[in-house]
Every structure is written in structure tokens, then in C-alpha cells.
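Encoded as C-alpha cells, the following chain is the form predicted alone, with no partner shown.
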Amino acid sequence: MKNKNSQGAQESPSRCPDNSAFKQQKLPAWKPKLTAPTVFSSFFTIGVFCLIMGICLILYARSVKEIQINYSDICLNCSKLRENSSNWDKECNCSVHFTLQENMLGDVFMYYRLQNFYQNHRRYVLSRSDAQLLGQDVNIQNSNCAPFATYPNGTSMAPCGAIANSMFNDSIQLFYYLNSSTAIEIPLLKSGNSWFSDKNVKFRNPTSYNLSSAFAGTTRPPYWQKPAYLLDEEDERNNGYINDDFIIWMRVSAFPTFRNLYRRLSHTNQFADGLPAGNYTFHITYNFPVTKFKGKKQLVLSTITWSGGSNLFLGIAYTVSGAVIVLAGFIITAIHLKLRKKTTYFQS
């Protein structure tokens, strides 16, 4: 019996790691020695770096020129008209006048800003068909688009889902007054505003000999004024599911107050350097109602810097972190010096 047991023990494979430098953790390695000077210098270096970065970010963010115009109350009559979806074919326009006190030089971006619009609701976020947005022929009855999947007569919506149906669709034009009676329209860029990955990877139009035939057998969502293949009548390449305004809207926000990029300034003619100071007017074709959910709409004109827009959060976060790290460095230094004096006293 002893021989059998000894033979079985010899035959079973060993579970010990190989006797190599890698598996025995004997490779040469650098092991830092954490002495008091190295720890203190690390604290102060990181803290000073964060402070400098935070102050720079705050200064650059404050250098951004930005103007916000709330047009919810100015266009209140149009908002009430749009509350009833049966008025989808009735056009309503309003104008908002404002003045730029100083030049906005460089790249100028136009955003729309919504307040109290909760895009982060779970059912809202899921209400879409990614396969449909990739141009695939799918049965949207099996998707998460309901109740915005088909009409009672069975016609499919393209695009389907609550996100697409609630797309921001106000049409906005910006005019600059050369004098009190002469205004010219400012050239704005509609395309090139969405993320490259969205435009070229996540969204595709159905394949056909033309776009209108590709969307044959489908119809627009209830709150849209035009079908998907006519979203941009000036640029055929900016239609359907690859329309920049549509792509930007489909990237939902995590917060109830957010803003999305709408247009960019085209640097041509007298706007080659940016927007000059003077009088301006927004001409708005009002299609997006907000009174039912007690929301607000704003238009934002803003420049940018290397660090982004006028958001101070990152700069404040760096500054606070740097101040806390430097303060911790002073506290640890004081404790170390106090304990060192006690050690020296007892040794003597």
C-alpha cells in the first residue's frame, strides 16, 4: 500500500511554479526608498502643478466670450401653437434682437440650450433602434421604439423611437445689421459639427439609387415637419440618418440642462475674423415646444480656447486639489519635524 501511494504521489503533476526568475519574482526591479524628503517634494511638486494648471484653466475659461439669449418667453405664442401636434404644418416665426458689446474673434459656435429636459430617463434612452440607424432593414416592431415605432395604419416611422421623435427642430438664422436699415445673413456651417465616430461608424443611410426611395414605405415621426431625407435641402450629403443635427441630438445628455452644438461661423467676407460688435437678430422658425414640461430654450454664441469653453469646473477642481495637496504637505512636514525632535530628545 505504501508503494502504491508513493507512486501516485510521484505521478501527480506538481502545482509549484517553475523555478524561473519571472515566476519566482526574482527579476531585477527598482524599489523606491520613501524617505521624508522624497515624500515631501512629491507632495509639493504635485500640489504646485495642480495649482498652476487650475489657475491657467480658470483664466482661459474666463477669457471665453459668450452671450446667452433666452427666447422661450419672447416666442410664447409660437410655443402654444406647437403644443398641439395637429398644427405641425402651420409655420410660426419670431425674432430676437440683441447687441454684441465687443468683437467675438476666432472660431464662433452657436449652441441651443435646453433646461428641464430630462434625456436621462431609462425608457427614453432605450427608445431607439441602432440597427435602423445603421441603415439596416429591420422589423422595428421588435425594437424598443414603441410607442414611436409605427402609426395605426402600420406604416413604420423612420427614424423610430422617443429620442428621434423629440429632436430639436427649430430653424435659426442669424443676421447682422450693417446700419439701422440694412441687415445681412451671417453664413453658418451646418455640417462637420458631429463626432467623426458617430458620423462614419454609428449612423448610415439605407442603400438605394436615391435617398427618397431608400425611405420608401416609411414616414416621419409625429413631431417632425419633414421626412428624414429632407432634413437639409441645401446639402444632399447631410440628409437622412447622417444629418449632423440629428446625430448630435441622438447623443443624449446626462443632465436636465444641457446644450448642443447647432452651427459654426463660416469665416468669409466681413466675418473672416469672427463676429464684429454691433446689432444682431435671430430669426427663428419655432417648432420645438417647451411649455408643457416647464422648460426654457436659449441660444448661445461662444468662442473657445485650447481648454474648451467657458466651463470653470475643471479649473476649480485642479485648484482645490492643488491647495489640498499643498496643505497636506505642510501638515505632514510639521508632524515629521515634531516627531524628529522628540526622537532626538529621547536618544540624547
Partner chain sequence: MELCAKKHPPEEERRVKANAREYNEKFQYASNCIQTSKYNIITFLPVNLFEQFQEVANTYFLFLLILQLIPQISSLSWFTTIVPLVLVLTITAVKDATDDYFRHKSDNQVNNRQSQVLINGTLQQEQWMNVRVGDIIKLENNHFVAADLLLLSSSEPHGLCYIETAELDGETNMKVRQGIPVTSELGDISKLAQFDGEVICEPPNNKLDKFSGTLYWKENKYQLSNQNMLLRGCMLRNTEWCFGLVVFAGPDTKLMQNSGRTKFKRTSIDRLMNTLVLWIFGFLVCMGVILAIGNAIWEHEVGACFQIYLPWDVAVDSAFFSGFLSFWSYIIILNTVVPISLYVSVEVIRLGHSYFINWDKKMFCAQRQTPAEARTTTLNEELGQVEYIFSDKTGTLTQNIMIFSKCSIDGRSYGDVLDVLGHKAELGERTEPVDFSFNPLADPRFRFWDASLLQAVQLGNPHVHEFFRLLSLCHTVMSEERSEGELYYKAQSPDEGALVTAARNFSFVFRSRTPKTITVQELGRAVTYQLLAILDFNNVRKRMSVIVRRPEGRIRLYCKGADTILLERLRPAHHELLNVTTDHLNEYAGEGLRTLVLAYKDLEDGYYEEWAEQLLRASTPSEGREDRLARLYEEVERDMTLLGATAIEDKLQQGVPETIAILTLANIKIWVLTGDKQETAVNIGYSCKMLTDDMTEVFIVTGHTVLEVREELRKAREKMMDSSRSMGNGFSCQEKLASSSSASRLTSVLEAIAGEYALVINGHSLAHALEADMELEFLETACACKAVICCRVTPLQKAQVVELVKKHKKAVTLAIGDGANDVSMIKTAHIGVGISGQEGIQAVLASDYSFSQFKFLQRLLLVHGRWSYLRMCKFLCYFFYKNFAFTMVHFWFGFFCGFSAQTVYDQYFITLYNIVYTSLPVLAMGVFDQDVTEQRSMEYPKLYEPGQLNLLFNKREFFICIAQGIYTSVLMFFIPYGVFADATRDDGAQLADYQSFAVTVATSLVIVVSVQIGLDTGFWTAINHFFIWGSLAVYFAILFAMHSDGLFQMFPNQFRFVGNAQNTLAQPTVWLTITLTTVVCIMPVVAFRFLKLDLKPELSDTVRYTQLVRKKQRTQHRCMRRVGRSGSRRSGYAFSHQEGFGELIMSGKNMRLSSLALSSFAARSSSSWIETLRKKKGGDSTASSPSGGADKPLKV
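Rigid core (definition): largest C-alpha set, two forms, superposition within 1.5 Å. Residue numbers count along the first chain shown, from 1. Just so it is clear, the structure is predicted and the values come from calculations on it, not from any experiment.
Only in words, not in the display: the form predicted together with the partner chain, which the text now covers.
Novice: Can you pick out, from S212, Q225, S166, Q173, the residue that has a heavy atom within 4.5 Å of the partner chain in the model of the complex?
Specialist: Selected option: S166.
Novice: Considering K190, H267, K80, K202, which brings a non-hydrogen atom within 4.5 Å of the partner chain in the model of the complex?
Specialist: When the partner chain is considered in the model of the complex, the option within 4.5 Å is K202.
Novice: Okay, which stretch from 150-158, 271-279, 229-237, 194-202 lines the partner chain in the model of the complex, with non-hydrogen atoms inside 4.5 Å?
Specialist: Looking at the partner contacts, the answer comes out as 194-202.
Novice: Does the trio L59, Q101 and T219 actually contact the partner chain in the model of the complex, every residue with a heavy atom within 4.5 Å?
Specialist: Zero of three within 4.5 Å in the model of the complex.
Novice: Considering non-hydrogen atoms and a 4.5 Å limit, does the partner chain approach T35 in the model of the complex?
Specialist: Judged by the heavy-atom cut-off of 4.5 Å, T35 is in contact with the partner chain in the model of the complex.
Novice: I'd like to check something about N120: if you look in the model of the complex, is any of its heavy atoms closer than or equal to 4.5 Å to a heavy atom of the partner chain?
Specialist: N120: yes, in contact with the partner chain in the model of the complex.
Novice: How about V48: is it within 4.5 Å of the partner chain in the model of the complex, going by heavy atoms?
Specialist: It does not: once the partner chain is placed as it appears in the model of the complex, V48 has no heavy atom within 4.5 Å of it.
Novice: Closest heavy atom of F43 to the partner chain in the model of the complex, within 4.5 Å or not?
Specialist: Although the partner chain is absent here, F43 would touch it in the model of the complex, with heavy atoms inside 4.5 Å.
Novice: Going through 297-319 from first to last, which residues have a non-hydrogen atom within 4.5 Å of the partner chain in the model of the complex?
Specialist: Stretch hits, in order: I304, T305, W306, S307, G308, G309, S310, N311, F313, L314, A317, Y318.
Novice: Taking 2 Å as the cut-off, check whether the CA of F43 shifts that much or more between this form and the one not shown after a rigid core fit.
Specialist: Where the cores coincide, F43 still shows a C-alpha shift between this form and the one not shown that is 2 Å or more.
Novice: Classify L34 as shifted (yes) or not shifted (no) between this form and the one not shown, where shifted means its C-alpha moves by 2 Å or more with the rigid core superposed.
Specialist: It does shift by 2 Å or more.
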